[in-house]
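Just the one chain here, the form predicted on its own, laid out as structure tokens.
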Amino acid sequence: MNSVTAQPSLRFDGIKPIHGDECTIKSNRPVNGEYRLMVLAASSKLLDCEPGQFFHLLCPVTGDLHPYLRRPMSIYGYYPDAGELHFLYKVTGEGTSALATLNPGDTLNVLGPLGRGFDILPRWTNLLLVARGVGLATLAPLALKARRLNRRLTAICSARSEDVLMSLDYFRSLDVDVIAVTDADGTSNVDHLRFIIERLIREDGIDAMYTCGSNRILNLLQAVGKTHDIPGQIALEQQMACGIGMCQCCVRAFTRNGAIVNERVCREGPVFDLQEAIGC
């Protein structure tokens, strides 16, 4: 691991230690016209992760780009044997544009792993992932964990068009049954997604459902889950300042036991019970 200037770790009850470290960029390349894959050399303490957790990245200040706050970013992959931490990201603003300027050999300050990740309960043997766009990045480590636990997994991957569909080959390499849908061919609408999911329930059964991001997918899976009594979890995206629960910037409302509760996405999440989430 090529890292320097390790910083003290933090620990919160029920959550693994949080570490700050300088990691060396191994690669930072485009994967299509919108997304990039960044690979960092990372220490074993940073790689003690769970699917669904995230890191807070200190984006570089360079040229006309002056990002002020850290950027929360879901883990796309963590590989202790290789000493690598992977992030898949879309260049959309000042922070991610600054990240895109990093080259092999540069360093990046990261803080994490942060938050609470996904669960795969012992009785959940047939799993369904449904995600759109960069939400697939958050679910990729869950697919790897499911493979290691010998669970059957189906991934419905949605995007605007075929050229920006991501992670299909990666999921297939893990023996995941992949179903690709796009806006361009008219297969990504909610009615068609529900048709696919209902068919999977009839033919193979689904024990748990997972998603990230999209409100329309959240609403669909909540409805299917209530109809068929299928549990699920969602990883939520939210703007953050500190990433460790102190600033209250990422508070969202949830429904629980008939009441509305407010929780911090960075600390109590970013993974929550599917039925408790309220779309924005």
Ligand SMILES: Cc1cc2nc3c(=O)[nH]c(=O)nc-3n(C[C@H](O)[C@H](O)[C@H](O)COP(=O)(O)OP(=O)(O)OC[C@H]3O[C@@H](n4cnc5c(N)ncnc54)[C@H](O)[C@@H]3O)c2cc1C
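Note that the structure is predicted; figures quoted are calculated from it, not measured. Counting begins at 1, following the sequence as shown.
The protein also exists as the form predicted together with the ligand; that form is not presented, and the subsequent description refers to it.
Visitor: Between the options L127, L108, V176, A137, which residue brings a heavy atom to within 4.5 Å of the ligand in the model of the complex?
Guide: Checking each option against the ligand in the model of the complex, the one that comes within 4.5 Å is A137.
Visitor: Could you work out which of A131, L88, A143, L193 is the residue within 4.5 angstroms of the ligand in the model of the complex, going by heavy atoms?
Guide: None of the others qualify; the residue that does is L88.
Visitor: Among 179-187, 161-169, 68-76, 193-201, mark the stretch whose residues have heavy atoms within 4.5 Å of the ligand in the model of the complex.
Guide: Going by heavy atoms within 4.5 Å, the stretch is 68-76.
Visitor: Would you check, heavy atoms only and a 4.5 Å threshold, whether Q239 touches the ligand in the model of the complex?
Guide: Yes, Q239 sits close enough to the ligand in the model of the complex that at least one of its heavy atoms falls within 4.5 Å.
Visitor: Might T92 be said to contact the ligand in the model of the complex, defining contact as any heavy atom within 4.5 Å?
Guide: Because a heavy atom of T92 falls inside 4.5 Å of the ligand in the model of the complex, the answer is yes.
Visitor: So in the model of the complex, is the ligand close enough to T96 to count as touching (4.5 Å, heavy atoms)?
Guide: Looking in the model of the complex, residue contacts with the ligand include T96, since a heavy atom lies within 4.5 Å.
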